[in-house]
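A single chain, nothing else alongside it, follows as structure tokens in the form predicted on its own.
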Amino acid sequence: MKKIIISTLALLACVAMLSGQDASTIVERCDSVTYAPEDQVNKIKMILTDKKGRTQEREAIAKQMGNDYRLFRFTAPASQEGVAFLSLPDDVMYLYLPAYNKSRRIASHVKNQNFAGTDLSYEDMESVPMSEKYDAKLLETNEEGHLLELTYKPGRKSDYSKMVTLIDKDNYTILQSDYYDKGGNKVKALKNEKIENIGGYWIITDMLMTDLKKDHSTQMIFSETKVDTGLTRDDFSLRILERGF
């Protein structure tokens, strides 16, 4: 009986190790698809909807290079024009507010705050591969894809406790993600409603982030997407952040 118990425990341990390895591989493949283009440039239409169904529209331009450079700038309406966000390697982020004509670094303890009234926090906006941020556990594989539980790696701080993410099993794009707080409550839901093949890359072109506590959502519709345009690090400097594209 003792040998049977030990053998069973060993088998379970092997299964757990294999599941963990599979989950890590899935996340790494997802990262490789997400950051496959050398760079990309998008025009974005944002639709903010409150709990009463009232909407606001905004426009923006976003640029991305590799897996750790991202620049986002509002172009309309006039009240938001010029407000910009810059994400750099090593968790460095900056916010530029035209009214003050200067940029400020975003401290780690305020990364949970929402960016410019949208339902995306600064953490949601940053450009960091999932494999660098999370430890992954494969919950199941179904007809839709791979369902993973993502928890933060040691040393990484967040107001979220975990994410449960569904990854397409064919092209390894993220289909949806649910965000949980430290109390285990689901507080946000992300759904990538449209994913297109552009220039040989799988690109998200329509996404919806919903704040479940506030009953408020932000839809982002991407257009005029360009890939591999030749951007360099100079295109993601503080000078560019403050001066404009």
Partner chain sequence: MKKTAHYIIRFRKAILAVTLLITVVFAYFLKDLEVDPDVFNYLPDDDPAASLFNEIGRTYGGNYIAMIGLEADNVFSLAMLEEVRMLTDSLEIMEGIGSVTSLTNVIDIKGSEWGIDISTLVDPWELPETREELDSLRRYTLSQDMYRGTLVSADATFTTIMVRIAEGTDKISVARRIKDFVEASNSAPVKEVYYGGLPFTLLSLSDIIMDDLLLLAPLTALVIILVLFIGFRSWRGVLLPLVTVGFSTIWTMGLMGMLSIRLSIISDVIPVILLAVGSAYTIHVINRIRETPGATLRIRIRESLSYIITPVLMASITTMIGFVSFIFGSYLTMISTFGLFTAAGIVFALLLSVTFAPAFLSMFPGKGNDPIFNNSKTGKGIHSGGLLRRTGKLVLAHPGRVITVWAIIIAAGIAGILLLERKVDMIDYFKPDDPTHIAEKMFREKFGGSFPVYIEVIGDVQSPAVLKKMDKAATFIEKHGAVTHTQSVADLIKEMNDLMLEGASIPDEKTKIQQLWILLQGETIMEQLVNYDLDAGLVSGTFNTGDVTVMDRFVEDLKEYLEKESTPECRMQLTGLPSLYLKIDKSIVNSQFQSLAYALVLVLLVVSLLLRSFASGTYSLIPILATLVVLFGFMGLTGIPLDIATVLVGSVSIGIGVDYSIHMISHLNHEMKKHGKLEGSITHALNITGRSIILNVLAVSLGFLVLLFSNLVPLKHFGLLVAVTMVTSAAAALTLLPAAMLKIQSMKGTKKNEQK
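Numbering follows the first chain given and starts at 1. Just so we're on the same page, rigid core means the largest C-alpha set that superposes within 1.5 Å between forms. Keep in mind it's a predicted model, so treat the numbers as computed, not measured.
A second form of this protein, the form predicted in complex with the partner chain, is not displayed here; the remarks below concern that form.
S.K.: Can you check whether K194 is within 4.5 Å of the partner chain in the predicted complex, heavy atom basis?
M.R.: K194: no, not in contact with the partner chain in the predicted complex.
S.K.: Hey, in the predicted complex, is F85 touching the partner chain, heavy atoms inside 4.5 Å?
M.R.: Output for F85 is yes: heavy atoms within 4.5 Å of the partner chain.
S.K.: Using heavy atoms and a 4.5 Å limit, would one call Q113 a contact residue for the partner chain in the predicted complex?
M.R.: Yes - in the predicted complex, heavy atoms of Q113 and the partner chain come within 4.5 Å of each other.
S.K.: Decide whether L95 counts as a contact residue for the partner chain in the predicted complex under a heavy atom distance cut-off of 4.5 Å.
M.R.: L95 belongs to the contact set for the partner chain.
S.K.: Between the options S158, S131, T173, T151, which residue brings a heavy atom to within 4.5 Å of the partner chain in the predicted complex?
M.R.: Looking at the other structure, the residue within range turns out to be S158.
S.K.: For the three residues T55, E81 and D181, verify that every one has a non-hydrogen atom within 4.5 Å of the partner chain in the predicted complex; reply yes or no.
M.R.: Result yes, every residue of the spot touches the partner chain.
S.K.: Would you give me the residues of 85-105 that have any heavy atom within 4.5 Å of the partner chain in the predicted complex, in order from first to last?
M.R.: Result: F85, L95, L97, P98, A99, Y100, K102, R104, R105.
S.K.: Determine, after fitting the two forms on their core, whether E81 shows a C-alpha shift of 2 Å or more between this form and the one not shown.
M.R.: E81 C-alpha, core-superposed: shift of 2 Å or more.
S.K.: Answer yes if the CA of K102 moves 2 Å or more between this form and the one not shown after aligning the rigid core, and no otherwise.
M.R.: Yes.
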